[in-house]
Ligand code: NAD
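Taking the form predicted on its own, here's one chain by itself in structure tokens.
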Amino acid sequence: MSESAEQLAVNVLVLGAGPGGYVAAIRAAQLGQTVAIVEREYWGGVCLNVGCIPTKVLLRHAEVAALVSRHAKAFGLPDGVTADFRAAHERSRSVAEGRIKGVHYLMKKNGIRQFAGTGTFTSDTSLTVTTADGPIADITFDHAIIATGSEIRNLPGVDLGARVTGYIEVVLSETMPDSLVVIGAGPIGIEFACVAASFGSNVTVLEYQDRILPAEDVDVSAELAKALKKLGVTVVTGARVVSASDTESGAHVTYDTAAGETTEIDTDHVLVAVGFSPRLEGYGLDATGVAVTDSGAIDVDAQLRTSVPHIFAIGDVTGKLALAHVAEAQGIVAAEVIGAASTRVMGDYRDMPRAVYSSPQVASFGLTEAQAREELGDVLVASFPFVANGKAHAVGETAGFVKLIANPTTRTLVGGHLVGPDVSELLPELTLAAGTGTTIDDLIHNVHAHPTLSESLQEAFHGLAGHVINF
């Protein structure tokens, strides 16, 4: 304990001000708790600063660029229109900065004490906040919520440097490289591949598995692979990256193909996008007695309690599902359990909505068809293509489909897999229906406005019932 540091006692201490942390702090304050929140770098987390929000700005600019490029004649636009990536970058930073200010406003509005610095636990009921100038606060707490997020994973033989980087450096760059190699065809790798290709970059994606987006339904992977080819992206599956490193003029990548051949690529930049690891180091976690799993995540129960009952953990650090909205949902559950306002638990994380902001978008929840057949045996499956949807034709985006999977006994949804324009916006109806046990027989009578993309859901509901209307 430092004599010069502020001494503070609170009901709830939140370590990490990302989407999970700041939402948990707000909910705890709403429930009458005194709350302090500590963040050492990114108020609003990676999501608001260099992740979800700024990347979606870049993706929007990329979508406009691609739209103009592909449909200039159909929309009566002049040929040869090009997009300025620097303008996209500047707007992405402006939008991010505005959202960050919003987080600080919400903290102040809800009476939450904010501390900018590194939080280090000194026991299971105390934490010290330190800056470059030394300790600034010693905080004791009744409950703590750990929301320290994650950090990028790397591969053996891949040397991070100026031209071989994770996604943060690419998001913050003011220029788009003429050529880009993306290692990893998960959501982040695919999103950046779409952005870069739409701004004219020569993009190659290397994926170790036998298909892109390997966690998604196989039909989704196949559909998006076709879209990437049309966008000019080269995809190599079954590729084992041997090495990647900076060169004098760019970067060099070596990989083995599925056929056992060794291939080399010289490129301007390499983006490493092979996943994330929970961020545990540097926070004095050992002083709390909180248990960690064999996979390196904080072990939590269904209400986000750790092995120390008054300490909770949420978000990427739990190793459950590294998505901002999952962290937010966990944060609300943890805060309500602490405030005795709820006995809710987090359910099957596979039922959480998932989205890939590619071109076109991918959205899903629940079981893939393969998983459903393995777990349930017989299943009901229905697909409806956007090429048969009037609104999709009106906006000029007809690629993709809606694919729904249902339990034939309960006649309830167990999975949904969509590829198409703005399909992430269609997920809430599906997840609500699945979560509440709404049956196919009820869903087919839910009227959708015409013309809308959501009519494709209605058509797929009819398909599950055995009488699709417009296809």
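For every residue, the number given is its place in the sequence shown, counted from 1. Predicted model only: the values in this text are computed from it and were never measured.
Heads up, the form predicted in complex with the named molecule isn't pictured, but that's what we're talking about next.
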property	result
Listed residue (208, 401, 283, 199) with a non-hydrogen atom within 4.5 angstroms of the named molecule in the predicted bound form	208
Sole residue of 83, 355, 160, 372 within 4.5 Å of the named molecule in the predicted bound form, by heavy atom	355
Touches the named molecule in the predicted bound form: residue 239 (any heavy atom, 4.5 Å)	yes
Contact flag, residue 217 vs the named molecule in the predicted bound form, heavy atom cut 4.5 Å	no
4.5 Å heavy atom contact, residue 339 to the named molecule in the predicted bound form	no
In the predicted bound form, residue 275 touching the named molecule (heavy atom, 4.5 Å)	yes
The named molecule in the predicted bound form: contacting segment from 340-348, 208-216, 291-299, 132-140, heavy atom within 4.5 Å	208-216
In the predicted bound form: members of 316-347 within 4.5 Å of the named molecule, any heavy atom	322, 323
